[in-house]
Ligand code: NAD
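First, one chain by itself in structure tokens, the form predicted alone.
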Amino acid sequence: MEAKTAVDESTIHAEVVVLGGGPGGYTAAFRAADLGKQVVLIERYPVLGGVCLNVGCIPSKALLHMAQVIHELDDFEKHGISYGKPTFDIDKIRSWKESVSKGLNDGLARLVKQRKVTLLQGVGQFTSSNSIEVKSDTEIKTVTFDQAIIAAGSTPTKIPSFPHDDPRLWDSTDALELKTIPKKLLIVGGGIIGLEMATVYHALGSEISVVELMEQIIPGCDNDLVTPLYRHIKKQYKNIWLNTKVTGIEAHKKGLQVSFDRASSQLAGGIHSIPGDKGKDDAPASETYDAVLVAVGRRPNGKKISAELAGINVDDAGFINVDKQQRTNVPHIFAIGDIVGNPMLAHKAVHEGKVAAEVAAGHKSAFDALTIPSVAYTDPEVAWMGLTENQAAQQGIAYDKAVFPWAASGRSLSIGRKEGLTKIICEKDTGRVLGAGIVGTNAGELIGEAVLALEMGADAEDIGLTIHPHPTLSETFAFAAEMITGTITDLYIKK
């Protein structure tokens, strides 16, 4: 009788292996499978979706929607509608938030089966340029591959001197767990993540203080876009300190004692000047908080996947350099998402994932986006795309700018939110759209038109001649374009 050859079940071969199951990773895996490739997808957590779906974008937006409803109820009291002070069942809120993510998790699991993608749960690390070892709680498997796509993402930046073993010191994941509602909450970092969490916890009743090292909240965004947001939250939060450094955090029984560098601190009142503001107010030498959220950015996971064993170059910060086809310096290994550079946004990773999968399948594809939009889902929202006014000035680009105030928008007035604005930046000679920014209700939903306009090479006249529905917030983009062309009738602009 002929002897049977033993099959090594601890080794799997893939035409394409994808390391990481976040939005970029599962998109790459699904696209490669659709193009006929045999795909293995490695994810360290029990469910797909990565940071975005499980402990980032999706659960935070669920909680931000809750916050928006609470704030709207408060606002309507001055219009004669009152529901009384809200009460919170934190367990039910947490359960609802988790159900949103679970619904998407289940949908992704079905897509994995429909596309016949092999899913391995465990931590993956390269062992050579053609193999990855995957360790789970119960077993170790080896995946050999023809081509690989790295989508290993990023993790919150931790400041080494802070007491990270204390449960009252949070990162964004901790904040989204919603285990407790602190009476006094300090947000370290006035960027998008920090301000979104401030929005949520303020709605739930926390006293909020924000400390930011730079001279404005949401550094990198044009000041005129963040100023309406600042003016709105300035009335709600206990403190907003700019140009201020946290020098230490000490754990005590009564709370976390935070020390501040007051040498350059000021209460937002310089570039965000407000009539009646003090103009300057030092942060205290120290203050005690019930919880502190550290939201000072994220670090790529390039140093955590043993990339050097595959010959992949990783820089000191943990980023992996790629070309426009998402190839690393090892031609059959690609990388996408947070691990290849800023901005660390899920929608960037998704498009990069498609490019990597298509190139791996032999298609001529490249990542050639003219812009990647950014959105802060605060209240009000702030969204921008393309060239900022700061960048245009720094690069010496001649441009025309128009800012349409939402105080002149019937739709904005009808919902009681007149603080917003829509800004458009166009090339001076041609009128071609170079950039745009929106601050106000649903700004994140509105910025897509501006992105399309830039990608399609539209100019201000194209936008102004496009009939927008009335009354809507979307027509503010057309009004801003009409300000560029000089055809606006909803405002009087002295010539």
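Quantities reported herein were computed from a predicted structural model and do not represent experimental measurements. Each residue number is its position in the shown sequence, starting from 1.
Here the subject shifts to the form predicted in complex with nicotinamide-adenine-dinucleotide, a form of this protein not shown in this document.
Contact annotation: nicotinamide-adenine-dinucleotide lies within 4.5 Å of heavy atoms from the stretch 193-201 in the predicted complex, the single such stretch among 193-201, 113-121, 134-142, 413-421. Residue contact check for P219: one or more of its heavy atoms lie within 4.5 Å of nicotinamide-adenine-dinucleotide in the predicted complex.
None of the heavy atoms of R231 is located within 4.5 Å of nicotinamide-adenine-dinucleotide in the predicted complex. Among heavy atoms of V211, some come within 4.5 Å of nicotinamide-adenine-dinucleotide in the predicted complex.
Residue contact check for R298: one or more of its heavy atoms lie within 4.5 Å of nicotinamide-adenine-dinucleotide in the predicted complex.
Only one of V314, M344, V350, L104 lies close to nicotinamide-adenine-dinucleotide in the predicted complex, with a heavy atom inside 4.5 Å, and it is M344. Residue-level contacts in the predicted complex: of L169, V375, A392, L108, one residue has a heavy atom within 4.5 Å of nicotinamide-adenine-dinucleotide, and it is V375.
No residue in the set G50, Q326 and K364 has a non-hydrogen atom no more than 4.5 Å from nicotinamide-adenine-dinucleotide in the predicted complex. Residue K61 is the only one in 54-68 with at least one heavy atom within 4.5 Å of nicotinamide-adenine-dinucleotide in the predicted complex.
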